[in-house]
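First comes one chain, alone, set out as structure tokens in the form predicted alone.
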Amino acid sequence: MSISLTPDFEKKLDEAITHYPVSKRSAALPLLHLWQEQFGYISDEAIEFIAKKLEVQSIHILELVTFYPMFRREPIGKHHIKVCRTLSCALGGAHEAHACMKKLTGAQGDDHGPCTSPDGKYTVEYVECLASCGTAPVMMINEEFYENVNSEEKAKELLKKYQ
């Protein structure tokens, strides 16, 4: 990825930094969120760019990216399917729902990280609590929340929206 930023995006980054007048370094998380929102993931180039912008060493930005699980180091599919795997959802069928989504989308990979379909359309991954334990198993597709995804039929029905 060769960094090509629009003037509007650069203004957004600069504006976020103004919220932290005592230390630019404090703007690191907001800049990382903005970057991921814009590009989908945090590349090595992004880490270098943000570090330079904040006048810190790149290791300080890399530490944040690798510590917080919400930051992605690799691109994901157009549709991001996040399956809750905490206790209530696990007992309610999260593992079956995850396997079903992988099967239906053709997503490949082990269950320890994001699994992406060969066409790049879908990424399926486990996440921690989505805060709806009473309606397990639950998942999100992009920013939409779905409860009681406990059958292949329901999974197929959900995926129709994302064809």
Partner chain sequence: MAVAERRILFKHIDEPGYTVDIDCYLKHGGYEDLKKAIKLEPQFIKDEVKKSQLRGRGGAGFSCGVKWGFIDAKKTTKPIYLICNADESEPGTFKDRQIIHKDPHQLIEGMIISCFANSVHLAYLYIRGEFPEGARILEKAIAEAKAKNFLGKNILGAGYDLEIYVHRGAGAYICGEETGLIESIEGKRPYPRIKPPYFPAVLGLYMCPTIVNNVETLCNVKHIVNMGGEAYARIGKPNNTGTRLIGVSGDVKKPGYYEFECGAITLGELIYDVCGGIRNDNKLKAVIPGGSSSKVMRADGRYKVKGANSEMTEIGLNDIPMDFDTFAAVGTMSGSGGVIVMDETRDMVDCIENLSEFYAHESCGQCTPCREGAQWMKKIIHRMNHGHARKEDTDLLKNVADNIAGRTICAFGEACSWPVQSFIAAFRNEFEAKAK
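Remember, it's a predicted structure, so these values are computed and weren't measured experimentally. Residue numbers count along the first chain shown, from 1. Here the rigid core means the biggest group of C-alpha atoms that line up within 1.5 Å when the two forms are laid on top of each other.
Here the subject shifts to the form predicted in complex with its partner chain, a form of this protein not shown in this document.
The closest non-hydrogen atom of residue 40 lies beyond 4.5 Å of its partner chain in the predicted bound form. The closest heavy atom approach of residue 69 to its partner chain in the predicted bound form falls within 4.5 Å. At the 4.5 Å threshold, heavy atoms of residue 128 reach its partner chain in the predicted bound form. Although the partner is absent from this view, residue 133 contacts its partner chain in the predicted bound form, with a non-hydrogen atom inside 4.5 angstroms. Annotated contact segment (heavy atom within 4.5 Å of its partner chain in the predicted bound form): 57-65, selected among 57-65, 101-109, 40-48, 116-124. Along 22-52, residues 22, 23, 25, 26, 28, 29, 30, 33, 37 each place a heavy atom within 4.5 Å of its partner chain in the predicted bound form. Core-superposed comparison between this form and the one not shown: the C-alpha position of residue 144 differs by no less than 2 Å.
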